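Coming up is one lone chain in structure tokens, specifically the form predicted on its own.
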Amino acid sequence: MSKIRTVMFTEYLRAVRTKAFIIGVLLMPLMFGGGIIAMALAEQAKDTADRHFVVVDESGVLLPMLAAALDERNEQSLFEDDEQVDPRWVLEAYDPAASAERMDVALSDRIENKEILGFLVIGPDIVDPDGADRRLAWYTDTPTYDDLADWLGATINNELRRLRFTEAGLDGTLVDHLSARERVNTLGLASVNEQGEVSEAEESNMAATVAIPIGLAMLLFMLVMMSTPALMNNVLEEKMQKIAEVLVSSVSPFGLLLGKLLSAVLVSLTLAILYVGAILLFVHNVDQVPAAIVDAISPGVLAWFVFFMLMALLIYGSIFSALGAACSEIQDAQTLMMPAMMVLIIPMMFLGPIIKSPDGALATALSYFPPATPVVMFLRISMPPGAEWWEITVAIVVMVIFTLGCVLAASKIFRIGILSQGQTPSYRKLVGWLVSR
């Protein structure tokens, strides 16, 4: 055990004292924080140049309404704190005498010449719900800029609704009042305590019920990604430089492997303490953070986070360490690394369906698939409605057995491969090593 501790702390100190570790510590918050800053800068750098467009109103009734609605929008909705945040949309009525060409060809030429953003064609029978030509067509060569098209569609449809009600002899204002939509509020569950007092259901906080679990699951995944592939490079480097031959002369291959695994655990725990500690300091010291978010980062959730991170590190650390010991060249390691990385990424590929239905068949099945269990089961535990106790128990038992199997299998491959030279490994050969005595 003293030799294992020596390997563990030596590897740990060598990792945390490097510039790469410091850069890695700063890189993750910079990635997330940088994304937020980039979005804020993008909002500030939004193009607010005027957008000109043409309306061809063949119905003869909607153009004045559009012009009035657009004037109101340009006067009231473009500025925040006296700063323009959205472009001004400038409407031009189509003039048939402006060009001898066909209307759509002439206006398309103007779009190509950057004179206008697009043109809207309104069919002559659009007010009549049974009309033959109820076209509402937007022509543009910039379909990704859909703000204007969406606004035109919403504004015209509101006006059509009013006009059709009026023609049917109905009061449009009364219809709007009677058909007002109500927002659906998502609440939790009511409960009764031991004293018989009823606790009213509270409105769900999406940040607490979804964002926090997803954020912690992503952090777990990133910590595993940062630590375990590095083990393969570390083992391969020591093997190529003949350092491994010296190490195994004083410590058993299993002890060397275990020391390296535990060093990866310490490195990840250090990173977790830094990141989670910073999050806790923020949520507990900023008054604007809702109480639901503070409660979501509970000691129980953090305990599950640490446990599943430990299991994931042992599983994937064993796999990557074994692959590093089996290889003699970097090219060989890269060939074997891809399937292992795909197994690591599997749970993230199904993140969307799992979040939508954390107690569904897919999420439940992946809970019992050990390579995916750490991320999937952590999400199921930390997100409502939560996992049943027996599901957690079964998943943990399966995962612990699988983890022990990975460590033992990795130790066998490590023992044979760490001193092997000049062989091109394959998964078939690795299986042969596992079944050999």
Partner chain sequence: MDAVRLTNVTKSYGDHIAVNDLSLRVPAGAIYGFIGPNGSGKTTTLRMILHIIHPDSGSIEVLGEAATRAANDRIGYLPEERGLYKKMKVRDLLTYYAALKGVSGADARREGETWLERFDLTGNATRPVETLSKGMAQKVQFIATVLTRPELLILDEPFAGLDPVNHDALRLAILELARQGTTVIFSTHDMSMAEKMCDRIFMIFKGDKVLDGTLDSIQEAYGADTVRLRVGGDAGLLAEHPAVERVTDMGHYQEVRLSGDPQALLQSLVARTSVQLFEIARPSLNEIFVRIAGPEAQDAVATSAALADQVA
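In this text the structure is predicted, and so the values were computed from the model without any measurement. Positions refer to the first chain, counted from 1.
As for the form predicted in complex with the partner chain, it is not shown, yet the points below apply to it.
One stretch from 137-145, 244-252, 321-329, 89-97 that, in the model of the complex, holds residues within 4.5 Å of the partner chain by heavy atom: In short, 244-252.
Exercise: E159 in contact with the partner chain in the model of the complex, heavy atom 4.5 Å: It does not: once the partner chain is placed as it appears in the model of the complex, E159 has no heavy atom within 4.5 Å of it.
Distance check, D359 to the partner chain in the model of the complex, heavy atom within 4.5 Å: D359 lies outside the contact set for the partner chain.
In the model of the complex, I23 touching the partner chain (heavy atom, 4.5 Å): Output for I23 is no: heavy atoms all beyond 4.5 Å of the partner chain.
Close approach of K429 to the partner chain in the model of the complex, 4.5 Å, heavy atom: K429: no contact with the partner chain in the model of the complex.
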